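Single chain ahead, by itself, as structure tokens, in the form predicted alone.
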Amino acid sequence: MKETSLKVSNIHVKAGKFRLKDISFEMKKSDYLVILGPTGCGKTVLLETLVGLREVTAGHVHLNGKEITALPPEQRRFGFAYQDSLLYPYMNVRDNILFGAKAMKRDREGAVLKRLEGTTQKMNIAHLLERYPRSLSGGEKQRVSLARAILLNPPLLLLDEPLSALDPKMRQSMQELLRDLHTSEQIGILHVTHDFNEALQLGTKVLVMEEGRVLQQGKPMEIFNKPGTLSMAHFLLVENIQEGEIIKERGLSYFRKKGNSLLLGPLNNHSTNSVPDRRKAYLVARSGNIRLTLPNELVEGPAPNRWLAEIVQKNLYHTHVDVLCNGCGYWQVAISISDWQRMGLEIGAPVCLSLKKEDLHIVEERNFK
């Protein structure tokens, strides 16, 4: 248990009519764990449970090997920052940051005051100590809130959508600050959000929730390329979701797209080991995982699944081109600007699309009871 900062084992929680059901995960001090899911999936309820604001009806929570399931919030000593900074308007920045220390009668300790000085300098708010919250920007308020949360060196920092109210430029600045805090403070961070870009930018691990359950957990890119359910594929804005069925031939599984004869495979066993023959399923593919080539262009490496299509639309961005193609259905493909120019592509041009075997990810509709 020495390496594990937090261990949550099969917890159940009641919150009115809502339920958290059988939640389990672990995180180490070196982890930046992002809890991701749509509004209403239970992210904030889970966070409030961990901090001690909600009662666990079953299961256990351990911190550094010690059970804290029934401990009150003040004995858990977690740092906590909400979406709204929740600063006291009648206190200046200095007193807001020292509020927790004052409640513990530690606000005059030399070590705490030294920590205040170092933390505010690191977070670039030392010049704001005598100002009041009403005169601060949104980003400044969040920095003050974070400084308050980490002042007394908590064992874990819990963040409830801390960046959602910020403009894009300030959000990027705060992401850089959170990455720096995670590294320099050597503190585990558990960050709740519905923004999957935050999860990609910040998380070393991602835990996906749906309807009060843990649906999936793992490394960020694994989650985003291979979501566990159809609803999560939609939530994560996967560009290509094609309906079809699983066909099994000679011990191998293939995906056949609905409405045409496109057959893709063979599929990896882990995608279909519980899927009977001719079971309804969906192919989920990121636009960047589909390759676009000219029909007569040679493709290096093992022959991938390939089919002919025609370009019907393009959207040009400063980093890439999104190409919409019609061929055995509609497909969105992301290619570089240089490839678009090199191939001389235009609306109506015939192209060849292909998917590698490892990028054939299959999901089913899933309803929890």
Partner chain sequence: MLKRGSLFTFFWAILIFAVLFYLLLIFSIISYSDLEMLAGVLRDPEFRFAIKFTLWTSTLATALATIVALPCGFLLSRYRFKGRAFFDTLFDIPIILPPLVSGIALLIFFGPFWGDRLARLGINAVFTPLGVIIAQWFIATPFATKTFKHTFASLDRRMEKVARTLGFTPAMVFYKVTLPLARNGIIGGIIMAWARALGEFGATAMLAGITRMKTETLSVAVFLNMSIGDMKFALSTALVMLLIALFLLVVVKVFLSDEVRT
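All of these numbers come straight from a predicted model, not from anything done at the bench. Numbering follows the first chain given and starts at 1.
The next section is about a form of this same protein that is not shown, the form predicted together with its partner chain.
**Q** Looking at 235-243, 201-209, 285-293, 95-103, which stretch has residues with any non-hydrogen atom within 4.5 Å of its partner chain in the model of the complex?
**A** Correct option: 95-103.
**Q** State the residue from M123, L87, M174, L116 whose non-hydrogen atoms include one within 4.5 Å of its partner chain in the model of the complex.
**A** In short, L87.
**Q** Considering its partner chain in the model of the complex, which of A70, L308, L53, A58 comes within 4.5 Å of it through any heavy atom?
**A** Selected residue: L53.
**Q** Is the gap between E48 and its partner chain in the model of the complex 4.5 Å or less for some heavy atom pair?
**A** Yes - in the model of the complex, heavy atoms of E48 and its partner chain come within 4.5 Å of each other.
**Q** Find out whether any non-hydrogen atom of R77 is located within 4.5 angstroms of its partner chain in the model of the complex, and reply yes or no.
**A** Close contact exists here: in the model of the complex, R77 approaches its partner chain to within 4.5 Å, heavy atoms only.
**Q** Heavy atom to heavy atom, is Y254 within 4.5 Å of its partner chain in the model of the complex?
**A** Because no heavy atom of Y254 falls inside 4.5 Å of its partner chain in the model of the complex, the answer is no.
**Q** Could you tell me if Y82 has a non-hydrogen atom within 4.5 Å of its partner chain in the model of the complex?
**A** Flag for Y82 set to yes.
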